[in-house]
Ligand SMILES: Nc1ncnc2c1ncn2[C@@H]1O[C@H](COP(=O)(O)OP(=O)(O)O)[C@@H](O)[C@H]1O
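Here we start with a single chain on its own, the form predicted on its own, put down as structure tokens.
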Amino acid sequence: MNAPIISLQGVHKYYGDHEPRLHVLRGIDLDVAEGEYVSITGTSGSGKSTLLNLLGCLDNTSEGAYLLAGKDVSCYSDDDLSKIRNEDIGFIFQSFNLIPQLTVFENVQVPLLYGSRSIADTTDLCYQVIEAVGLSERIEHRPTQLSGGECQRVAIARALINDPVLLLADEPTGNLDTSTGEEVLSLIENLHRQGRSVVMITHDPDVADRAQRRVDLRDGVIVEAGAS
């Protein structure tokens, strides 16, 4: 098996400044190998959203270590975490999070605005990732002119633009009908076959079972982790 792209070691997460604090994650140990496709599922209140925030470097652990591509990001500053989010993690959200005033091409360019590469130097790359998700003919359209599935494809293209080490998908089919959701899942599976590391958060067990491996959370504890 490849080396871990993600390694959570004894991770706890508390909220609140006074006892009794809310203990959301309770000693999580989890490795995701480079190139692996893992789903994380659980009921409401299981800790999925908190774990997503930690994996996406949107929050820090209270205890324990989080290694992303070999770097312990547990105690990184906000500025350092922001850089990691932009360069190393590609986010795919349930609500797409596209900017309605921008075209498909401009939405895909957004992460480049916060990086070191110039927009001019990455024009060809933008065309390539838009073509890869099948939207070359929609490149000048705005989100209001697209279907839900097309909006999610734009979000996937945007997630790929900085060639991240990890794709992190949060309920990627949650706002889509069954047929469109199937198309998006097939696209994510194709990216995995190309060697991408993917972690998908979902409440839907059928969607979770599409992954290479399924991790179940219950009350902040991993209760099952194995091949789906």
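For every residue, the number given is its place in the sequence shown, counted from 1. Throughout, rigid core stands for the largest set of C-alpha atoms superposing within 1.5 Å between the two forms. These numbers come from a predicted model, not from an experiment.
Missing here is the form predicted in complex with the named molecule; even so, the following discussion is about that form.
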Heavy atom contact within 4.5 Å of the named molecule in the model of the complex, the stretch among 176-184, 63-71, 156-164, 48-56: 48-56
- prompt: Is Q194 a contact residue for the named molecule in the model of the complex, using a 4.5 Å heavy atom cut-off?
  reply: no
query: Does at least one non-hydrogen atom of V207 fall within 4.5 angstroms of the named molecule in the model of the complex?
result: no
query: Hey, in the model of the complex, is T43 touching the named molecule, heavy atoms inside 4.5 Å?
result: yes
query: Aligning on the rigid core, do we see the C-alpha of S46 shift 2 angstroms or more between the shown form and the other one?
result: yes
task: Look at H23 and decide if its Cα position differs by 2 Å or more between the shown form and the other one after superposing on the rigid core.
output: yes
